[in-house]
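In structure tokens, the next block holds one chain alone, the form predicted on its own.
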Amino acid sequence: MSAPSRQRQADRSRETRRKLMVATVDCLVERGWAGTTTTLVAQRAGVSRGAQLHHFRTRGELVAAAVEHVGALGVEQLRAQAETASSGGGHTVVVVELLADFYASPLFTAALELWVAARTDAELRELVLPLQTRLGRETHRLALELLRVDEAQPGVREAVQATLDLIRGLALANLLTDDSRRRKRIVRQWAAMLDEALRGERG
């Protein structure tokens, strides 16, 4: 096979994988874990079952990979948004609000479906635990970076982790009803308290 042919094949393979990732997260959000089947995902992605099975052997592998893939994209988008939005001042408030919006996005809903299913599915739990650890660490590192603080300073790690825990809790409250107005008030109040706590810790 010539080099151009191999490149075209690689490009097609990446595009197939991308379509599967997007379709999987959409299905998780709309139908939950129970309703997200590999057949439905393949249909929604517009790819054959054979192509889907070539990339992922099981539903667990497919869903875990999709959540990680979309999560990584979300982190990069969050970083870019924070750099743009905080240029006008009020940096801590901007960052905390962006983090809150990130956790209130469909990605969190998809991930939550996966976490809940893994609670009673031992095979799925084996896939989810390392994924949860990686995403948790990456989000924590990103929060430190966006807030421009050093977790080696006393109290910083705990303050940032408390922020992420609070935001996740607020995201849970938003799953069944639109809780955006209350969430916005709480986030702004917390951001003001966090800014006070982190003042002097920024390098």
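One-based numbering along the sequence shown. All values reported here derive from a predicted model rather than from experimental measurement.
One more form of this protein exists, namely the form predicted in complex with a further copy of the same chain; it is left out here, but the text below deals with it.
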*All of Arg12, Ala65 and Ala80 with a heavy atom within 4.5 Å of a further copy of the same chain in the predicted bound form*: no
*Partner proximity in the predicted bound form: Asp165 to a further copy of the same chain, non-hydrogen atom cutoff 4.5 Å*: yes
*Leu28 within 4.5 Å of a further copy of the same chain in the predicted bound form, heavy atoms*: yes
*in the predicted bound form, does Phe108 have a heavy atom within 4.5 Å of a further copy of the same chain?*
yes
*4.5 Å heavy atom contact, Ser180 to a further copy of the same chain in the predicted bound form*: no
_Quick check for you: of 156 to 164, 55 to 63, 142 to 150, 40 to 48, which stretch puts a non-hydrogen atom within 4.5 Å of a further copy of the same chain in the predicted bound form?_
156 to 164
*Those residues of 107 to 123 which, in the predicted bound form, come within 4.5 Å of a further copy of the same chain by heavy atom*: Phe108, Thr109, Leu112, Glu113, Trp115, Val116, Ala118, Arg119, Thr120
